[in-house]
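As structure tokens, one chain now follows by itself in the form predicted on its own.
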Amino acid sequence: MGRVAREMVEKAGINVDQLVELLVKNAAAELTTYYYYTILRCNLIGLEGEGIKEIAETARIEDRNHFEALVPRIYELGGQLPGDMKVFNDMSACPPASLPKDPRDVTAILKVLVEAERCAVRGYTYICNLTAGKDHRTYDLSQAILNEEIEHESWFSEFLGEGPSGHFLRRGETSPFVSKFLR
């Protein structure tokens, strides 16, 4: 644990235990979303589904990267991940991105994907607001994840016909904002 890191965040007026809890819950959401997106991606088949599969795969890999980037900060602040995966899953900040009843309904899958991203956007916005100007490292990490989650949401919402977003699928690069935390 980075004792001075925790001390500085506390001195900045942040309840570090609350922050760690939020980070752990969001890490759980990222890992469980990675799992559920694997299932969703496998069910994106046919003419409609194949066009979305690559985007779902990018979001899936980036959610795994978000989990990997969050873990060091949790431990730096004196936290830890639960030793029981079931407990970890159950504490997720977002509901499961479960396969819809009809696994061939691409629109229903898209709705699951976009709602998962919207939950993530809300969560990281909250953490950014909590840490802005007080905990620079957690803020920077959360903002990087937020930027990618906003792009994920925009990709899926465009497929649902909610309007253009101006965001484009990244080619050959994943986690452009979070990658600096994965080194």
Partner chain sequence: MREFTEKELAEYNGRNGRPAYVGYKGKVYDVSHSFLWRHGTHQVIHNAGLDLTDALQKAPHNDEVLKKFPVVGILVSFRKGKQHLPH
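Everything numeric here is computed off the predicted structure, so don't read it as measured data. Numbering follows the first chain given and starts at 1.
The protein also exists as the form predicted in complex with its partner chain; that form is not presented, and the subsequent description refers to it.
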Quick one: does K25 come within 4.5 Å of its partner chain in the model of the complex, counting heavy atoms only?
-> yes
Contact flag, A93 vs its partner chain in the model of the complex, heavy atom cut 4.5 Å | yes
If you check in the model of the complex, is R137 within 4.5 Å of its partner chain, heavy atoms only?
-> no
Consider K53 of the chain shown here, and say whether it contacts its partner chain in the model of the complex, taking contact as heavy atoms within 4.5 Å.
-> no
Candidate site R60, T107 and S165: all three near its partner chain in the model of the complex by heavy atom within 4.5 Å = no
Per-stretch contact check against its partner chain in the model of the complex, the hit in 141-149, 122-130, 66-74, 39-47 (non-hydrogen atom, 4.5 angstroms) = 122-130
Using a 4.5 Å cut-off on heavy atoms, which residues of 4-24 contact its partner chain in the model of the complex?
-> Q18, E21, L22
